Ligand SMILES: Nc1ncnc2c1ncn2[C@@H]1O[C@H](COP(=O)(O)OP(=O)(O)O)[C@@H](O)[C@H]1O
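In structure tokens, the next block holds one chain alone, the form predicted alone.
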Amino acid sequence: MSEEPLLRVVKVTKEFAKGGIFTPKKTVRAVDEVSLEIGRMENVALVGESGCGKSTLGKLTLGLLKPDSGSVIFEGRDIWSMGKKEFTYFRRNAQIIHQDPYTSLNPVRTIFQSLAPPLIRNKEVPDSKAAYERLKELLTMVGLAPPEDFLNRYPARMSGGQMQRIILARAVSLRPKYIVADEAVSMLDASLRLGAVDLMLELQKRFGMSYLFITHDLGIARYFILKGRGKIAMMYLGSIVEAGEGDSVIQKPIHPYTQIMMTAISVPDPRLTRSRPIPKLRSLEVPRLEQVPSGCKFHPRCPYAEKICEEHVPELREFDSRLVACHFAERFT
């Protein structure tokens, strides 16, 4: 009998009303019947273009947004049917690393003043003195030494790389089981990104949590998954179009959208780069969520689209040891 996943998202849908006083309101379906599983100590990289619904899905898994339909199940329980005590337990074990670390902390509080209250409130430590000692350990663990120097600073006196490490220390301070890393390294210099990913994976080994790694950069997703092992899920206009083991998806993408996204990854061998076939998009324009195309959402841009793609929505089906939403998946194997 297989182990129950840590977190399951089952046909989750989330809609928002878009419009104002002078424009008619329209319903935007940011997440469209998405299903996803994350095991214990497993990594899932959620990849897609900006505006495709990745961050909304991440917030749904954390209970920060309530789905309009579908279920978010943590350790076998739907989080929206939990009692107060159970939901408190869930929120403690589900943390987030935000894209912009500077907006994640109060600018008029020191790092200690921002990081200590959750430790005391959740009874990880008995008082402020013990919290200070615990935070010294955490900051040393994430490479900020001497820790006393950083604990007494304000966020404005920290560099972007230092702040990202502070936010990572805060995320693991309660020893959660699940962390959403929402574009966690996108604001760092390219030279710092791999180091930040390595640190995240080191902390995973120490604390044993699972990551949902949200990014639009397939190159950093590839590094994260190949080094930490796990799955890649490709998202387009609110839907998962392909998902499977990282090695398999990277080495042999099936869905046309995944194929095209893979061509954006830099390869150190120029001969291999020149020899790679690059599918040509029919259109460079990404449809807006309030005007989603009929049938397959990718068909207006897909180089292989046929009549059936315009008329029928492809089912996300199991194929070649992964899930693929394409009418012609057999052609690409």
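Computed from a predicted structure; not experimentally measured. Just count from 1 along the sequence shown to find any residue number.
Just so you know, the form predicted together with this ligand exists too; it's not on screen, but the next bit is about it.
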For a quick test of understanding: in the predicted complex, does each of 255, 284 and 302 have a heavy atom within 4.5 Å of this ligand?
no
Applying a 4.5 Å heavy atom distance criterion, does residue 11 contact this ligand in the predicted complex?
no
Give a yes or no for residue 34: in the predicted complex, does one of its heavy atoms lie within 4.5 Å of a heavy atom belonging to this ligand?
no
Using heavy atoms and a 4.5 Å limit, would one call residue 52 a contact residue for this ligand in the predicted complex?
yes
Can you work out whether residue 289 and this ligand are in contact in the predicted complex, taking contact to mean some heavy atom pair no more than 4.5 Å apart?
yes
Among 52 to 60, 66 to 74, 35 to 43, 304 to 312, the region lying within 4.5 Å of this ligand in the predicted complex by heavy atom distance:
52 to 60
